[in-house]
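Given next, in structure tokens, is a single chain: the form predicted alone.
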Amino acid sequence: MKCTAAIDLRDVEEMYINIDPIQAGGRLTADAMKAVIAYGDGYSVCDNCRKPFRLDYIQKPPIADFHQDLAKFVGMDEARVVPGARRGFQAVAGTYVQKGDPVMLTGLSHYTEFIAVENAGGVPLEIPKNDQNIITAEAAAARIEEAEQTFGRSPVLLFIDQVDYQYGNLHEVKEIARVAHSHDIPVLVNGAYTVGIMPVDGKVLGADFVVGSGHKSMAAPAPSGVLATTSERAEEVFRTTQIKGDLTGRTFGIKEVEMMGCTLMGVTLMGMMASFPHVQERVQHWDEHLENSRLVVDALRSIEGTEIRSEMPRRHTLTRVDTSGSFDKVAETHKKRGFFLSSALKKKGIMGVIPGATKVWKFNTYGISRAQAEYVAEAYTEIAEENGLSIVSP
């Protein structure tokens, strides 16, 4: 079956257990799929757009209510939907960063955070990770003081990933925010791997801004995301346009500068809204997902020569694993070389590990059931034994 003559039907989620590190939290709910069909047209949410003609004021469908619920969901005062987390980074950087301003990031920051700083003309300064691949408040304090000595002033913004994309580690966000605020530095918490899969309270974390990804962790179509902030910062990052046409004298009402007027609409927004009740409920079951992940991690650790590069015990379902001493040894002589592992997994109905990867790779078990986690764990040890690797106690 095909969508068109040139576009195949995608059936990964229907036919396989998908443990892709960036897809696990974004797979759509059945309600989102229905919304995708019903609101596929570009301006489908605009049927009842009335004055003041802005997306977050639309009452039917209940987009205005959704914005309020979204802010409450992440423990902040105001929220806007954005076309992906990266556009949230861009909006905040565009508000606070001027050319030549120092900006704090980390040694594990996502590349889009760097690009947001570059786009605004800022100077990136990285907080290093420690030996356990954790960003600490102590390291943040040292780098901030170093920046102040170099630039003669404090950095204008600090980005911290609540969970980073490389190791899936949780960092000292609350403590780092406290340090940053003591230097009057606003803090953006990147929740791309947390908002929508585990409870997040921005104010408890000390965040000025919380950014989440709809298509990575909120069961929404891409590109979608959320930018939430405090009432104090909302007037700055959600400032309205003041521009005026020099010939016509036109002005543009309450359109928001960083949002470019209206942002996320149509199918992406409605998919995000349709999944939201499910997302609100599922974050209450984070511990169950974490236990499922630990089951798979333990199975991998039982394969002689395999090491977990992420922090232990695991506090997130995204995990980085090093199999250069196990599966990569097999790949040296296997007729399929490095592709043997992904091929063997696919035969067992498991997808998501990059084909050819047998050294260092990532997986994410979020969303799979206990039975599926047990099956994945067993599949890894079976593949190991079938290829002459020993199983030992983790």
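Residues carry their position along the shown sequence, with the first being 1. Computed from a prediction, not measured in an experiment: that's the story for all the values here.
Below, we refer to the form predicted together with a further copy of the same chain, which is not included among the displayed structures.
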| property | result |
| --- | --- |
| Residue among 321, 108, 76, 198 with a heavy atom within 4.5 Å of a further copy of the same chain in the model of the complex | 108 |
| Interface residue in the model of the complex among 132, 231, 284, 119, criterion: non-hydrogen atom within 4.5 angstroms of a further copy of the same chain | 119 |
| is_contact(residue 126, a further copy of the same chain) in the model of the complex, heavy atom dist at most 4.5 Å | yes |
| 4.5 Å heavy atom contact, residue 308 to a further copy of the same chain in the model of the complex | no |
| Residue 31: touches a further copy of the same chain in the model of the complex, heavy atom cutoff 4.5 angstroms | yes |
| In the model of the complex, residue 170 touching a further copy of the same chain (heavy atom, 4.5 Å) | no |
| Which of 300-308, 284-292, 313-321, 210-218 sits within 4.5 Å of a further copy of the same chain in the model of the complex, heavy atom basis | 210-218 |
| Residues of stretch 27-56 in contact with a further copy of the same chain in the model of the complex (4.5 Å, non-hydrogen atom) | 27, 28, 31, 33, 34, 36, 37, 38, 39, 40, 41, 42, 43, 44, 46, 47, 50 |
